[in-house]
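The chain below stands alone and is given as structure tokens, in the form predicted alone.
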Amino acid sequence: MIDRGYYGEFGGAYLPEILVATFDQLVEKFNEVKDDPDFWREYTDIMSTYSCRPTPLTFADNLTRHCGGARIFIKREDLNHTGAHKANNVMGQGLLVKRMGKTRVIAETGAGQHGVATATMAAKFGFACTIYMGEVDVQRQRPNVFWMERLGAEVVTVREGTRILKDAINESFRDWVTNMDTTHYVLGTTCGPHPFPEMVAYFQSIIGKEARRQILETENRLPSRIYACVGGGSNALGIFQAFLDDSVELVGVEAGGKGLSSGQHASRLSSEDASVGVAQGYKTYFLQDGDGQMKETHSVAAGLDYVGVSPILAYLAATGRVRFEAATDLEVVEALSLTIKKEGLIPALESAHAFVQAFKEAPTLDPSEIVIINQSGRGDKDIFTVADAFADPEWQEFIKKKAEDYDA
């Protein structure tokens, strides 16, 4: 599939000359460790002793009865350290940074989960850390900003452009150009120039390897379908990779926002609003206008409003191996509420997109069939965003009273 960082026509490394040597070093080191069984053992050891892996595969008996049809299992990445799948990637890149002898890491973040995970990894390994975050996301993810700063990271608010994830990535690259001798950019998703899509997918593959082993051990069969939300694509590729060679249908669910016809969404592969272009060092589908200017995106979930998508997923969509759907904000809130009430689980708003599509399709399948939903993160730590999505009047009154207390 990979040819110098290309997946079909997608991917590549479109770099300014000043970054070429840094990327050459990164490619060399990554190729060295990915072929080293000792490195993978070191990685899985730290993930088991520090990050609670393997995460469980939970049978959702109440949701199964409620939906009818296929039996529903949930891969519990919400129980991973820092509350999401993001720790898988950052801990792996942290071990790589140690081998490269660098002392500082930088990262972008949208929902804040990657930022918290990177700050955690930096604290664990003793790196200096700077996190870039769009001003819009800083406001809606303030609790995550608080924890990043407590972990010792400097959080830089990005006030340019649309002030969301795309702009945080741009600022991260600007920092890296200036400080590349001492600094590694811990890109958080399967996007960007080669080797980042392959590297992030490599570390996230631990999800699918576990899920495949777990479902075979408990059910002695593979699932019919697997559902995962898709922003950049790291959690989806994390679970999909282990099943690419099987007759398992893989379903990625993007942010439908206020509806695909509204123009206020972040659906690249499940809508007709995206086109192929080159930006931020790689080639993929972007939500862009005829002049190549990036459009504004919208999602109730801060982690899904990225303007592009993984070149690996673009390739898998083009070849028909992965099917892509979209879930609206309203559907997401309803699915989140149902999951909380039926299973006592609190998916992140991002993860709830996958639940939406699974709930639509499970009733159409035979009761002998199995589906897996990847719960990529937990929602309880994103209480401000979740509470706003529910428009809970008691919560709003609580926040109003808190604001009055601070003003007093």
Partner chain sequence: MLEIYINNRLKEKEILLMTHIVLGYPTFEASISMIEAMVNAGVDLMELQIPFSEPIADGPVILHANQTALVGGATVQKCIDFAHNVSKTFDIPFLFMSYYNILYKYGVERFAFAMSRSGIRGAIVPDLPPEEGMDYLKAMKAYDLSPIFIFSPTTSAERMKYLASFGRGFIYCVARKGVTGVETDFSSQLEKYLVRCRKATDLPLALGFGVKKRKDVEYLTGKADIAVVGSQTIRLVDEKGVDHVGDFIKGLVV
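Positions refer to the first chain, counted from 1. Just so you know, these numbers come straight off a predicted model, no measurement behind them.
This protein has a second form, the form predicted together with its partner chain, left out of what is shown; the following refers to that one.
Peer 1: Out of the stretches listed (74-82, 91-99, 251-259, 169-177), which one is close to its partner chain in the model of the complex, meaning heavy atoms within 4.5 Å?
Peer 2: Among the listed stretches, the partner-contacting one is 169-177.
Peer 1: Which one of 143, 292, 126, 152 is close to its partner chain in the model of the complex, taking close to mean a heavy atom within 4.5 Å?
Peer 2: Here the answer is residue option 292.
Peer 1: Identify, from the list 279, 318, 156, 338, the residue with a heavy atom within 4.5 Å of its partner chain in the model of the complex.
Peer 2: Going through each option in turn, the one that passes is 279.
Peer 1: Is residue 161 close enough to touch its partner chain in the model of the complex, meaning at least one heavy atom pair within 4.5 Å?
Peer 2: Heavy-atom contact with its partner chain at 4.5 Å: present for residue 161.
Peer 1: Considering only heavy atoms, tell me if residue 139 and its partner chain come within 4.5 Å of each other in the model of the complex.
Peer 2: No, residue 139 sits far enough from its partner chain in the model of the complex that none of its heavy atoms falls within 4.5 Å.
Peer 1: Contact with its partner chain in the model of the complex for residue 390, defined as at least one heavy atom pair within 4.5 Å: yes or no?
Peer 2: Because no heavy atom of residue 390 falls inside 4.5 Å of its partner chain in the model of the complex, the answer is no.
Peer 1: Does residue 283 reach its partner chain in the model of the complex, with heavy atoms at most 4.5 Å apart?
Peer 2: Yes, contact at 4.5 Å.
Peer 1: Looking at its partner chain in the model of the complex, which residues in 295-319 have at least one heavy atom within 4.5 Å of it?
Peer 2: The stretch does not touch the partner at all.
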